[in-house]
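One chain is shown next in structure tokens, namely the form predicted alone.
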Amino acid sequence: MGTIRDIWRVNLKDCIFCNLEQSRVERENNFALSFKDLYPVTEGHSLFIPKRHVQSFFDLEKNEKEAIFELLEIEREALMEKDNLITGFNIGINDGSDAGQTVMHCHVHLIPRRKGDMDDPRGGVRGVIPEKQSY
């Protein structure tokens, strides 16, 4: 089994996503792929990345964005069919180190949510700055 980098000839040897083992890939299309997060927030937490090394979501080509969103929808449907306890999703992108991005290869998080998985989920992604979550 090769790495993603071997397969798509990405030339960034230090990027962990460019060097992702093919065996971790869950879904893929021409321009994107998905895999399970190694440190999931909830069961079913997945990541979606462009095959091309791009750091920022805002630097993606239109076809890459469409490919990522196509895989997001497919994964959402699969999760909903598999787990009837899922009642919502958080979809997130940390873009830049000041926004919490730690792997500098654009990636989108799909985090399934279930009723009661936290006491008060109101504010959702606003929780990135905890004192701003409730309003």
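Quick note: we count residues from 1 along the sequence shown, nothing fancier. Not measured: the values here are computed from a predicted model.
Omitted here: the form predicted together with a small molecule. The next part is about that form.
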**Message:** Quick check on this chain: which one of 28, 43, 37, 70 has a heavy atom within 4.5 Å of the small molecule in the predicted bound form?
**Reply:** 37
**Prompt:** According to a 4.5 angstroms non-hydrogen atom cut-off, is residue 125 in contact with the small molecule in the predicted bound form?
**Reply:** no
**Asked** With the cut-off set at 4.5 Å between non-hydrogen atoms, does residue 109 touch the small molecule in the predicted bound form?
**Response** yes
**Message:** So in the predicted bound form, is the small molecule close enough to residue 24 to count as touching (4.5 Å, heavy atoms)?
**Reply:** yes
**Request:** Mark residue 32 yes when one of its heavy atoms lies within 4.5 Å of a heavy atom of the small molecule in the predicted bound form, and no otherwise.
**Result:** no
**Message:** Which is the contacting stretch out of 78-86, 99-107, 48-56, 61-69, given heavy atoms within 4.5 Å of the small molecule in the predicted bound form?
**Reply:** 99-107
